[in-house]
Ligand SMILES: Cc1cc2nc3c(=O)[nH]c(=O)nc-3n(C[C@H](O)[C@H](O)[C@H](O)COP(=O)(O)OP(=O)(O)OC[C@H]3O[C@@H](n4cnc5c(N)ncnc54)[C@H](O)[C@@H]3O)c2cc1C
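So this first bit is one chain, no partners, the form predicted on its own, shown in structure tokens.
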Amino acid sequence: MTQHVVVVGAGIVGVSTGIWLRRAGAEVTIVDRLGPGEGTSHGNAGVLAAVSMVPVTTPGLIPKAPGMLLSRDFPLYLRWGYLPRLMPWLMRYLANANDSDTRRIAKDLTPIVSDSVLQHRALVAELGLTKWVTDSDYCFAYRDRAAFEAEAYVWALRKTAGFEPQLIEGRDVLDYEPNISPDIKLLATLKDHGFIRDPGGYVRALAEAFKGIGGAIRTADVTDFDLRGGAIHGVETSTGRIACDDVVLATGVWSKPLMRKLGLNVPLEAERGYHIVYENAQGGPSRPTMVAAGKFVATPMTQGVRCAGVVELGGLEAGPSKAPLALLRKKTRATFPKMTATAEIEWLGHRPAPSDSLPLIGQIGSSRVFTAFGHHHIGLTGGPKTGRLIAGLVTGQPTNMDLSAYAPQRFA
């Protein structure tokens, strides 16, 4: 009897899961309310950021946070009317801003992200899609050495994970990145990284390849679960019921209300992230560049240069704010003063942020419902690895990783 798995969510995590499940011989239907690559998987910086294992909640964040929020020049925003709803999550989130929890989280994130380029290449290898993955350095731009050394704690954690940068200073900066501002006096560069020049197009291409190996995709809202006797029997959708043996929840921040239907209240919030695409840009970066002063990444893409970042807390319902986009423009102009473009495209998306910064990867009890969401800033980076792990759990294939840190029951 063929095992039928319903994957809820057609972003990078869901589509990766579907591909690995098909390779294992399962029958798979992916269900998404918008279609492949149309949500958060579309609007990221495109970096396969293997070094991104350090959470936002580092020691010292709590005393610094008020000043960050009040500064017009710092890329952290809060929609104050949302604060009462945000507070329970925020208190749990900030409770991790200490040395022991930061080290624990970084240790647990490392196996999800550190081999990102290899995992993406393994995902696309048999699908004819290798052209989508571009090898490159990942560059961190600093005003000077003092600004770099101010992040010594973070770089020490990255070194523990096996990532130590090459430092480029003085006149060598412009030799390495000719279009960057002369005010940038130090670059910390990392080998063995990569990026995707069109993240949304990449996920859509993966989805087409998934269909080409026998997978099915349905555009619909998931409304409920048929969970009798403690085990899944089907999924109720806006276009009808789908009978199945297993379910994978991989729909980012929209997984939270579905988890409530399964009896779990996950402390998960939407971190509102912005990007601006500078179409047909000239005079921009030649590789993904994290601009430390603005906490955003500038990436050369097919459409132009995409500048993505800025953190705003304010839920799912409100529209885009003007201030984050204005700051993103200001920081971009300061960093790449030579850059020109024919047009600008603004975007707002919602990153799924668990209170402990770790994704939920595992089975809910013995229900045959599996979770694959909550990747915060590392969805594109860790999507293929997560999909591979989940496919192994669903089909009973052993893994050499301890997955207990990601267990969905940790919030029960």
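In case it trips you up, residue 1 is the first one in the sequence shown, and so on. Quick caveat: nothing in here was measured; it's all calculated off a predicted structure.
One more form of this protein, predicted together with the named molecule, exists but is not displayed; see below.
Heavy atom within 4.5 Å of the named molecule in the predicted complex: which of Asp226, Asp221, Glu151, Glu164? Selected residue: Asp221.
Single option in Ala308, Ile180, Leu123, Ala141 placed near the named molecule in the predicted complex, where near means a heavy atom within 4.5 Å: Residue within 4.5 Å of the partner: Ala308.
So, in the predicted complex, is Ile390 in contact with the named molecule at a 4.5 angstroms heavy atom limit? Because no heavy atom of Ile390 falls inside 4.5 Å of the named molecule in the predicted complex, the answer is no.
According to a 4.5 angstroms non-hydrogen atom cut-off, is Val248 in contact with the named molecule in the predicted complex? Although the named molecule is absent here, Val248 would stay clear of it in the predicted complex, with no heavy atoms inside 4.5 Å.
Would Gly349 count as a contact of the named molecule in the predicted complex, using a 4.5 angstroms cut-off between non-hydrogen atoms? Yes, Gly349 is a contact residue.
Please tell me whether any heavy atom belonging to Leu34 falls inside 4.5 Å of a heavy atom of the named molecule, as the geometry stands in the predicted complex. Yes.
Heavy atom distance at most 4.5 Å to the named molecule in the predicted complex, all of Ala10, His375 and Gly379: Yes: Ala10, His375 and Gly379 each sit within 4.5 Å of the named molecule in the predicted complex.
Stretch in contact in the predicted complex with the named molecule, which is absent here, among 73 to 81, 93 to 101, 332 to 340, 251 to 259 (heavy atoms within 4.5 Å): Correct option: 251 to 259.
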